[in-house]
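To begin, one chain is listed below as structure tokens, in the form predicted on its own.
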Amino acid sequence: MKSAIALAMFACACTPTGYTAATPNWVNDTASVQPKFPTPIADRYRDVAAKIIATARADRGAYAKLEVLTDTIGARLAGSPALDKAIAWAAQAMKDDGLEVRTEKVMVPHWVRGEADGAITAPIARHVGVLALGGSVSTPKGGITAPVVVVHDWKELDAKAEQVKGAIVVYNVAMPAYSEETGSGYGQTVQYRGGGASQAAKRGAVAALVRSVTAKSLHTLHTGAMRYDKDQPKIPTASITIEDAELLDRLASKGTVTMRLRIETQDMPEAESANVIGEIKGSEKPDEVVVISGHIDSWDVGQGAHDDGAGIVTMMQAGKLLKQLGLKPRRTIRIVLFTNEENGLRGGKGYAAAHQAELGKTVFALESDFGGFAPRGFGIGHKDKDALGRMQTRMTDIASLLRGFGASRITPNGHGGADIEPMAPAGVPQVGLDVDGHAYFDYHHTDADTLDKVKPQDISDMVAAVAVMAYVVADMPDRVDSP
């Protein structure tokens, strides 16, 4: 097994990024994979969809954009100079691609990571790597040395309330392995990262450490956002690796464990940032809008390649491709690159507030924020159950055009994405690009989220899926959710 994994990793790492595999004829021949149900919308757009798919799948422009974003600019947390550079770059790139471009000001939090380290001081001496969670306060100068209390859920935290006083709480909560049936299990475990510090502080803890939210680890630290309860003391909090969480658990099961922890962070004044918007104006109904989006910020580790560089370059290149092919739909297609998704959602909330008056005519909002992997289809949601049914029927029809490369699945899972969610109460259809995400949380919020983990063909296929769906929804006579 180890040798098989090593060979697979070697093969992925050695794939030349400039190589373009020959596309079999059947991939773009959508007539050869016709669904077994009526597809009146797909039938109307079959020829144009085939042209979009063939062009997108052979193109490597999105990957080239991602290379610039990751290798030249890199990690781009809200408030950082790198995010400012990314915003300027994206705006210029979309202008160069022929889109109508503007930026919309958003004020964002500005949290800065400093140095951090940890160590077991008893019953053994051992270094423990720590990565401050986004928003954490610092330890007192010189750090903290305290006993460790390991818990596996909230009930155990309550049961050990007396031991927790004056201690460092370690949440050793394992994230379930990914499966097609249940997904990642992220939602079950991320609650300890988000609220663990305040729950520990409520019971008198002096710090909290959280097992990295991932099912797989090569001693990899995963950061992410946390939030403080305003009614509880703020205590420092950080992630530790799966391996170190398990070590601490084993040691604690045998007796007393103590740790030294030092975390340095800074909370700076809010900074000015911006959402970046690029448009293809509609030919007949320019005031009706189809939003396609991702978030341009990332955490301050790795390069933000999967999260969410892949998402934004997919949207940027979909716009360029439609413009290049001379396709001008009835409605406006609006590319939105949201700022500050990772530690504030100010971009998504700010956009919904600034565009409140036009949300009634925002006929579709699509987000990609689950990495740059092979597309499988789309997850959909709507505040109106009947409208969701109509939306599912029409999108299943449209997505049949994408069967040739496996992107035709439509799943009414209720969620499109964190940045477009503020538009949901206004009745805006919610759509998330569904990808093969089995490896996403291996890299999520880590130093390993780098360009080499992204396959050029997967990004090109994402562009194909988004461009076809966006164009058809923007051009079809009725709204995708209309009666």
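Just so you know, these numbers come straight off a predicted model, no measurement behind them. The first residue of the sequence shown is number 1, and the count goes up from there.
The following text describes the form predicted together with a further copy of the same chain, which does not appear among the structures shown.
**Q** Specify the contacting stretch among 285-293, 86-94, 186-194, 240-248, defined as having any heavy atom within 4.5 Å of a further copy of the same chain in the predicted complex.
**A** Result for this chain: 240-248.
**Q** With the partner left out of view, is Ile41 within 4.5 angstroms of a further copy of the same chain in the predicted complex by any non-hydrogen atom?
**A** Ile41 lies outside the contact set for a further copy of the same chain.
**Q** Taking heavy atoms only, is Gln430 within 4.5 angstroms of a further copy of the same chain in the predicted complex?
**A** Because no heavy atom of Gln430 falls inside 4.5 Å of a further copy of the same chain in the predicted complex, the answer is no.
**Q** Examine Thr362 and determine whether its closest non-hydrogen atom to a further copy of the same chain in the predicted complex is within 4.5 angstroms.
**A** No.
**Q** Whether Ala424 contacts a further copy of the same chain in the predicted complex should be assessed with a 4.5 Å heavy atom distance threshold; does it?
**A** No, Ala424 stays farther than 4.5 Å from a further copy of the same chain in the predicted complex.
**Q** a further copy of the same chain isn't shown here, but in the predicted complex which of Ser198, Ser217, Ser400, Thr139 has a heavy atom within 4.5 Å of it?
**A** Checking each option against a further copy of the same chain in the predicted complex, the one that comes within 4.5 Å is Ser217.
**Q** Of the residues Ile73, Val101, Val150, Val128, which one places a heavy atom within 4.5 Å of a further copy of the same chain in the predicted complex?
**A** Exactly one listed residue reaches within 4.5 Å, namely Ile73.
**Q** With a further copy of the same chain taken in the predicted complex, which residues across 438-462 come within 4.5 angstroms through any non-hydrogen atom?
**A** Contacting residues: Asp442, Tyr443, Asp447, Ala448, Thr450, Leu451, Asp452, Lys453.
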